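There is one chain below, alone, in structure tokens, taken in the form predicted alone.
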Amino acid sequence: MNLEKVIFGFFIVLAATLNFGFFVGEVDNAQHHDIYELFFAIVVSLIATVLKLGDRTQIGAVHLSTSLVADLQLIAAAMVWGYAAHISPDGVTPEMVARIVSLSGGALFANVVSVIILIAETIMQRR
């Protein structure tokens, strides 16, 4: 068993599961979406991105691109939340929460693609 591949797979799957945990719930209800879970999803997603930087294969490039998309979407969601909580005169409204959750949904899709690529890569190596 290759420890590097275990750590790589761990962070890819953890990024996807944290993102999923944040995404699940009523789309416009802020009580169903924890800000700390979004923060940890961003941190783990950034760690997964750094781990993908060393791979110079075509699959590695696709892995990196999905991770960059997820990072961008999650950071945008955090920025929208920060704007709503600290700048917007209306505060965190259901419309703002829907925007935040929608952005995290895009990141979730990118993470699912990354997990599918990881599984496909694993299956191809077995043959």
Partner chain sequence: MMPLLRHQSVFFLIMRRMRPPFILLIAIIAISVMGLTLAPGVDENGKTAYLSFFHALYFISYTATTIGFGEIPYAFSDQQRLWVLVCIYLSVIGWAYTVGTVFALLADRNLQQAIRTQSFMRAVRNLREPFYLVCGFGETGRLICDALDRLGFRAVVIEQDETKVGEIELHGYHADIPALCADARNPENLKFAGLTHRSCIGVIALTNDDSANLAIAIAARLLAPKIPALCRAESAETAANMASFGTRHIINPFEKFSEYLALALHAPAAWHLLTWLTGVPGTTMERQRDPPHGEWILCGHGRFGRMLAHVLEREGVPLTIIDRNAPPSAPSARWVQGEGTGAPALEAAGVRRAAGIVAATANDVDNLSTVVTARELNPRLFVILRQNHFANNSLFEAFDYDVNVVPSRIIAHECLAILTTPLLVPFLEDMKRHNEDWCDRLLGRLTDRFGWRVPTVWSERINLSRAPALHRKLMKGATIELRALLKSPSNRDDELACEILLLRRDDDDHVLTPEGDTELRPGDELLLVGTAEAQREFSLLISNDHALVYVLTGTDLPGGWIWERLSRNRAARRETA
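Computed from a predicted structure; not experimentally measured. Positions refer to the first chain, counted from 1.
Missing here is the form predicted together with the partner chain; even so, the following discussion is about that form.
None of the heavy atoms of residue 28 is located within 4.5 Å of the partner chain in the predicted complex. Using a 4.5 angstroms threshold between heavy atoms, residue 62 stays clear of the partner chain in the predicted complex. In the predicted complex, no heavy atom of residue 76 sits within 4.5 Å of the partner chain. Under a 4.5 angstroms non-hydrogen atom cutoff, the partner chain in the predicted complex lacks residue 95 among its neighbouring residues.
Residues are counted as partner-facing when one of their heavy atoms sits within 4.5 Å of the partner chain in the predicted complex; in 27-46 these are 35, 36, 39, 40, 43, 46, in sequence order.
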